[in-house]
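Take a look at this one chain, the form predicted on its own, written out in structure tokens.
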């Protein structure tokens, strides 16, 4: 089905609502909201692979907001269960949404928060590609990479790649929740808060 909402006033309301968060005049914000997220995907090639699930959690005032939580599973026609990035944790009883609905819900959740993830560039590009399939623009949110923050703390060169498990070990963070996108998001949130405190921002 052709999508024509990019033409003139035919932009979908959810996209208008999302963009409106970035068009407001600067407002006094006592606490900045971060959204830490993780995705399960069919692989690590952002041009060809697709998103299977997204888990996200909000951080306000240097505290994880358990109630500020998002999780969604996406129905995809094609994926390889043997993929490196495929965790095998998906169960048939999980309610799955089409990709368009998942993107709508994700945008409604993140609003104008600063996005945080580990090796975030892949995640951002995969979401942007999903938005492109809907004939929409790219994410407007600022974003931060916990891998880059870790490298800054360790005084390493910025393009060094370290796994989330290695960062957890270095920061003495329990990795028992690393089974799903939402579990990974929670662990990454703990990593982010520790690095945020160590780097003093």
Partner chain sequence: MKNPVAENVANFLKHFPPFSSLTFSELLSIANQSKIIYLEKNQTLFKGGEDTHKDFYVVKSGAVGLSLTSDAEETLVDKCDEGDILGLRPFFAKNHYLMTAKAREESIICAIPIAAFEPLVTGNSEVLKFLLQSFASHTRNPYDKEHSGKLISENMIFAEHTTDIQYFQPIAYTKNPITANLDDVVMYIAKTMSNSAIGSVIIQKDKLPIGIITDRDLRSKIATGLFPIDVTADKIMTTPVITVPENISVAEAQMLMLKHNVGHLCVTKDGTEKSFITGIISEHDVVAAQSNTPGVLLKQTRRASEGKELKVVRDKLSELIQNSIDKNIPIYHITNIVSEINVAITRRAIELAVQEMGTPPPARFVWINIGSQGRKEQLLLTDQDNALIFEDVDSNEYEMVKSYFLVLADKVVHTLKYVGYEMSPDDVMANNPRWCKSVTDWIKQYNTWINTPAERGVELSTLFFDLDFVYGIPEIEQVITETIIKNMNHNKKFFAYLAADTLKNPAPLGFFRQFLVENDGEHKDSFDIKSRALEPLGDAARVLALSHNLVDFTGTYQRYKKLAELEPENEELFNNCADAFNVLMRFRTEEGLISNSDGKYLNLKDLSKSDKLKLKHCFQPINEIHDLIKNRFSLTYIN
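Residue numbers count along the first chain shown, from 1. Quick caveat, the model's predicted, so the values are computed rather than measured.
Heads up, the form predicted together with the partner chain isn't pictured, but that's what we're talking about next.
For the chain shown alone, residue 162 is not a contact residue for the partner chain in the predicted complex, no non-hydrogen atom being within 4.5 angstroms. Not displayed here, the partner chain is kept clear of residue 139 by more than 4.5 Å at the level of heavy atoms in the predicted complex. Although the partner is absent here, residue 11 is not a contact residue: none of its heavy atoms lies within 4.5 angstroms of the partner chain in the predicted complex. Put simply, residue 67 is close to the partner chain in the predicted complex: some heavy atom of it is within 4.5 Å. If you check the partner chain in the predicted complex, you find a heavy atom from every one of 57, 182 and 193 within 4.5 Å. Only one listed stretch (44-52, 171-179, 129-137, 142-150) carries heavy atoms within 4.5 Å of the partner chain in the predicted complex, and that stretch is 171-179.
Listed residues 125, 71, 99, 112 were compared with the partner chain in the predicted complex; 71 is the one with a heavy atom within 4.5 Å.
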